[in-house]
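In the block that follows, a single chain appears as structure tokens, in the form predicted alone.
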Amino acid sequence: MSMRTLPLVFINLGGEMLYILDQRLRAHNTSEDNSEKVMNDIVGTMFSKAFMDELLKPQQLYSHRTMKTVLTRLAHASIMRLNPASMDRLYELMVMAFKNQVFLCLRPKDLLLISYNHMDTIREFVKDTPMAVNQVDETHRKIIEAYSSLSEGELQLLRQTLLTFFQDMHVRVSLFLKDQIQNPNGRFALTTSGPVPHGTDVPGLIRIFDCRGREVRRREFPSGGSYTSSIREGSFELHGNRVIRLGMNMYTVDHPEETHTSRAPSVKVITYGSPNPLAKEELNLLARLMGSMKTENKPKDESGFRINLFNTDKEEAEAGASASAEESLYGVINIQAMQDEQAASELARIAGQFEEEEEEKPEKPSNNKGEELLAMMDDL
């Protein structure tokens, strides 16, 4: 698992969140002043120095629950509010959009271009606020410094960590279904055509060389797809043409149905509960991130407003009730991927002590050692 995945996840999911909120603010005919304030406040919080410094520390990528908690706090950093059902839909849209981009990037290094596309668009959202633009630029420079020196292997590990993070998310998005890039079961349909990754050749040709390195013959084979030569490489600088369009805003105000989601009938909601060996680390991360996130303290005379990601309030309420019923139906599934090493070593030490005592006093076995061991395990 890559220890450098968290900053890219947060920046790309945050960028997708801003795209969706921008579309909903315009669809709700929100005043220009309020829309500008919402975007400036969220971007200012998202790219604050203390918050980004905390994110950029090498650390493991944690659960969707932790990520959603942080992004919920970020979405409420201004006068705008979302109720839980709308926040659920917002998070699903963010995750599925970024998942699709990770699937479609031709090489691991393109993950940086996707992130830069998000940051370029975010910079455009706040172009009239120099302080916010400077925050985005400073974070962009830090990302370039942290990731430009990574090897292909490290970037591939980063991409694999992202795919592991996304693997259980199969939420259907109306925009993806309409464009036939997502199947009815929520899984993406990948094509076998288009340009090959930069620096590679179109498949279909085998070249054979002799011991002196001279090409002696060629052989062709069917590649199974319609591939073309690679496009030119995008810019990895602070400003420039990224070439690829992955990570750019795909929402339009004229089509509110683009932000509709639904779960595939066969997809079961799984809640990752305790025991979790990373639970303590997740809580520590959450506390650090929340401590470094400065939310907007709005004046008492400044009224807030609510954004709805559904067509009507009734539909939003029904979605919230359906989610609650679904959770009660499936309950909580506890998944423990690995044992806590400290607890395991402590239990082994205790068990070893019992074995030594039994070897020393075999004639007087204790009847309550099992109870004592259970009590000790409860205390761990």
Partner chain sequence: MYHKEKSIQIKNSASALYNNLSVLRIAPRRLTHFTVVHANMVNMVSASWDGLNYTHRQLQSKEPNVATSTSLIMQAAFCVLPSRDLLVVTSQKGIQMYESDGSIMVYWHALDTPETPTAQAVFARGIAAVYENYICVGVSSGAILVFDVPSKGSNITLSEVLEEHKESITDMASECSGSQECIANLVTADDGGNLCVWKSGEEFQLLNKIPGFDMSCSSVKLWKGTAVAGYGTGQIRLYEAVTGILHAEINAHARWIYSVDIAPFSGLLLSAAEDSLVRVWHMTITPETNSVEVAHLHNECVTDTQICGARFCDGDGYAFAVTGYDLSEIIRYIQS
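Positions refer to the first chain, counted from 1. Everything numeric in this text was worked out from a predicted model, so none of it was measured.
One more form of this protein should be noted, the form predicted in complex with the partner chain, which is absent from this view; the next part is about it.
Considering the partner chain in the predicted bound form, the lone stretch of 123-131, 204-212, 136-144, 70-78 in range is 204-212 [heavy atom distance within 4.5 Å]. Contact annotation for F176: none of its heavy atoms lies within 4.5 Å of the partner chain in the predicted bound form. Under a 4.5 angstroms non-hydrogen atom cutoff, the partner chain in the predicted bound form lacks S149 among its neighbouring residues. Taking the partner from elsewhere, F188 is found to have a heavy atom lying within 4.5 Å of the partner chain in the predicted bound form. Contact check for P84: no non-hydrogen atom falls within 4.5 Å of the partner chain in the predicted bound form. With the partner omitted here, the residue from M248, V243, L238, L163 that has a non-hydrogen atom within 4.5 angstroms of the partner chain in the predicted bound form is L163. Contacts between 157-171 and the partner chain, taken as any heavy atom within 4.5 Å in the predicted bound form, involve L157, R159, Q160, L163, T164, F166, Q167, D168, H170.
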